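Consider the single chain below, provided in structure tokens and representing the form predicted alone.
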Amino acid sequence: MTTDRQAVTVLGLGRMGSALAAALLERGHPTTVWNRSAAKARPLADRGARAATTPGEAVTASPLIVACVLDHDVLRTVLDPVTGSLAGRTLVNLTSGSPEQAREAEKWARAHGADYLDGAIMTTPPGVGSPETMFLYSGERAVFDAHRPTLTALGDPVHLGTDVGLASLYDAALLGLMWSTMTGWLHGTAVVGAEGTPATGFTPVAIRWLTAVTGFLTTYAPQVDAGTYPGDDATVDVQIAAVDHLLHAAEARGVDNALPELMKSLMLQAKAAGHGSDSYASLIEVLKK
């Protein structure tokens, strides 16, 4: 470890916390680690980390504290007894939670003299440390800028804004996008797989199609912001006709149709609300209700 790198403490050494600590060590940061089960610190200690025996020892070891524990209740349980040591330090909370919990945690941290950033890790543990991996942060810009060089060790740090709840809000929204996309891919894989196409054969075509879909998102985003949905590419009425083809093909091959049935239901609601001749982006009016 090089002495010109900021010292960091990592609280919580589950799979993700251990990955965070390992990435910091690999990039030369003096790293202190703590976990309720001390045995989880041993592999990191073998790689050069300092294993703290108490939360108090861990907090006082570094100006930057990165927390990644089970939930916000656990975080408070760990830090409440050592609040006297938080003043002048920065707490970066990568514990999953809600925007409301993030705002409450920021107030709590400030009450004890600590700066606070809330964060969301947009990867699984093997992706930690990759410059391609997004880490979302929200909170005071000056605090983010001060620690950005260190946070870059974990992945690409993206500051969303000063509202500390934004990282958690984006995290939830992006997980919804991920699940919808992956389930749509699995549904399509089941449809073509019913006639012998392997997933490895379908997926390159699906990925190429998703590249085109990102273009649709770019086109539709200004429509959503403006609340106007010109149907000059493909209307909701056209999409309703198209989804019936998917429903028929899947049903004929014994594939569950819950997902496309849901999508058709939303399309029909948009049509009933007068958006039949508008673009697919008009479904946002149904979803917002």
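One rule holds for the numbers: they count along the sequence shown, beginning at 1. It should be emphasised that the depicted structure is a prediction, and the values quoted were computed from it without experimental measurement.
Here the subject shifts to the form predicted in complex with another copy of the chain, a form of this protein not shown in this document.
Under a 4.5 angstroms non-hydrogen atom cutoff, another copy of the chain in the predicted complex has Gly254 among its neighbouring residues. Contact between Trp108 and another copy of the chain in the predicted complex is not found at the 4.5 Å heavy atom cutoff. Although the partner is absent here, Asp233 lies within 4.5 Å of another copy of the chain in the predicted complex, judged by heavy atoms.
Proximity of Thr218 to another copy of the chain in the predicted complex falls within the 4.5 Å heavy atom cutoff. Stretch 219-227 is the answer when you ask which of 219-227, 35-43, 22-30, 61-69 has residues with heavy atoms within 4.5 Å of another copy of the chain in the predicted complex. This chain appears without its partner; in the predicted complex, the one residue of Val143, Met134, Val82, Val74 with a heavy atom within 4.5 Å of another copy of the chain is Met134. Within 4.5 angstroms of another copy of the chain in the predicted complex, the stretch 243-260 places a non-hydrogen atom from each of Val243, His245, Leu246, Ala249, Glu251, Arg253, Gly254, Val255, Asp256, Ala258, Leu259, taken in sequence order.
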